[in-house]
Ligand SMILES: Cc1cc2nc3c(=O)[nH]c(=O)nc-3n(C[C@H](O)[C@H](O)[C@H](O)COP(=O)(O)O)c2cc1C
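Shown below, as structure tokens, is a lone chain in the form predicted alone; questions about how it binds or moves come after it.
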Amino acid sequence: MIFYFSGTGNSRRIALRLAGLTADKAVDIVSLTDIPDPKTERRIGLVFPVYAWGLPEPVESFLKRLPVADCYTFAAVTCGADAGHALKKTGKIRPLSAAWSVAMPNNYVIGSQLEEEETVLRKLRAADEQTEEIAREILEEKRVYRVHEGALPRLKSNLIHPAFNRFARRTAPFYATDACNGCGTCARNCPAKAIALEGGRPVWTRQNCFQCLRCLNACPQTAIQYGKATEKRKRYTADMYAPAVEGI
């Protein structure tokens, strides 16, 4: 069984491809109402994005509640470039038999302009090839640590990630422009359940969210913004570029 969390589809894409290649089942942890007991599983997989060189809140919470199972356990994380010590921190919560990082297209539109289509497609092709290699190693139950930690990984994971959780997950800067047509996509798909519709307009009902940026990137009308900087920036979800994965 492969448990995954995904904001704009990068990790979902990897999880579903791995599940197809290894004959496993991929499960979105946000959709779970009960924590499953994995003790009968031959192997357990974890796929999630790295947020500021650390674990997203829902992933960390899920891992702490997941019962311990004596089986081959692996994790594959998606990141823009490097993962810091995110997987080493994962291993402290849930010991890992193997770990990989996969570079994926940038989706952090509130921080910078996103990449050009040529770069996005190149990264997706490389990720597809790497996913096939990861699947082979999973089937062989190899014990490897193929993670690009980058420079100063301890500093990034121990200082920047806590600062991100404390200061960068505010919902106050989110708003919808007049382009909003009240379709409700953002409210339905918010994994943090932080959005409601009031008078046909999205309202952020929590002070903090997971900062997955699904609402902003997946808005059909490009109506959701985060401050003024995002108004002129492109959007990204994996489904915009990647061919459909069988089983989605």
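We number the residues from 1 along the sequence you see. As the structure is a computational prediction, the values presented were derived from the model and not from experiment.
Note that the form predicted in complex with the ligand isn't included here; everything after this is about it.
| Only one of A81, A172, V144, L121 has a non-hydrogen atom within 4.5 angstroms of the ligand in the predicted complex; which is it? | The option sitting close enough to the partner is A81.
| in the predicted complex, which of the listed residues (I29, L55, L213, L46) lies with a heavy atom within 4.5 Å of the ligand? | After the contact test, the surviving option is L213.
| query | Which one of these stretches, 103-111, 127-135, 88-96, 68-76, sits within 4.5 Å of the ligand in the predicted complex when only heavy atoms are counted? | reply | Stretch 103-111 is the one.
| message | Using a 4.5 angstroms cut-off on non-hydrogen atoms, would V50 count as touching the ligand in the predicted complex? | response | Answer yes; at least one heavy atom of V50 falls within 4.5 Å of the ligand in the predicted complex.
| field | S6, G9 and F164 all contacting the ligand in the predicted complex, non-hydrogen atom within 4.5 Å | value | Looking in the predicted complex, the three residues S6, G9 and F164 all sit within 4.5 Å of the ligand (heavy atoms).
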